[in-house]
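Before any questions on binding or motion, here is one chain by itself as structure tokens, the form predicted alone.
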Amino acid sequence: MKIHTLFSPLNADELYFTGRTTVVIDVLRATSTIDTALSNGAKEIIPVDSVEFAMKISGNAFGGQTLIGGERNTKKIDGFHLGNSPLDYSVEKVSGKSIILFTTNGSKAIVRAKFSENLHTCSFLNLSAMAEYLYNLGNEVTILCAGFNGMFCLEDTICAGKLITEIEKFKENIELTDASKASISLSKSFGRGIKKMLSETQHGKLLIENGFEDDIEACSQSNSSSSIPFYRSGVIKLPKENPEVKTGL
């Protein structure tokens, strides 16, 4: 089993992901929000890479069963029903709904990896569940950090390092790329207190400045979920039992 880590979606083009098992991480906040929404009963998440496309496909929605969520520069976009705060996605608001999601970093990263054979999302919320799932899957794994405006960000890399460390609890002698080894080192150095770490990152400080301090708390809840979100045919869902995946076992 080999684990690759990419610090930014700009490190690879769409075709790189063809046939791969990919896990997208955007701790602040898209993959935390996706997990929360699906855990609270959302039917599906439809990630998109532009506001224009979000508005275009929402025009085909009817009956109030589709919501548009997301942000630009941390703030909810005018005309959208929801922002990108996990706290927006309560059971009352999202249960049974399809959600079109655009975010500055996370949804774009998911769309970039759309040609993956198996594509999942991870955050601190479902870390241990994802690690056990990937171990059982047995495939070579690529962890894609959404980053911050195309650049490296600490929180996604630390989450990647913790995910790899959790997988290593199940399987020894995993082959790691240099970036994966660096992720583990950073998670050991800076990841002991997740909430404190998130509040001190560049992105975390920006969220706090813009009034989203409660999101730091929400995104720091390690292993509060056992969800395994998976992407198929343009949508992210939770498996009824287990997603239909191609394994390397």
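Remember, it's a predicted structure, so these values are computed and weren't measured experimentally. Residue numbers here begin at 1 and follow the sequence given.
This next part talks about the form predicted together with ligand MLT, which is not shown.
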query: Which one of these stretches, 220-228, 22-30, 35-43, 177-185, sits within 4.5 Å of ligand MLT in the model of the complex when only heavy atoms are counted?
result: 22-30
- request: Report whether the minimum heavy atom distance between N139 and ligand MLT in the model of the complex is within 4.5 Å.
  value: no
- prompt: Any of the heavy atoms of S116 lying within 4.5 Å of ligand MLT in the model of the complex?
  reply: no
- request: Answer with yes or no whether L207 is in contact with ligand MLT in the model of the complex, where contact means some heavy atom within 4.5 Å.
  value: yes
task: Indicate whether ligand MLT has at least one heavy atom within 4.5 Å of a heavy atom of T121 in the model of the complex.
output: no
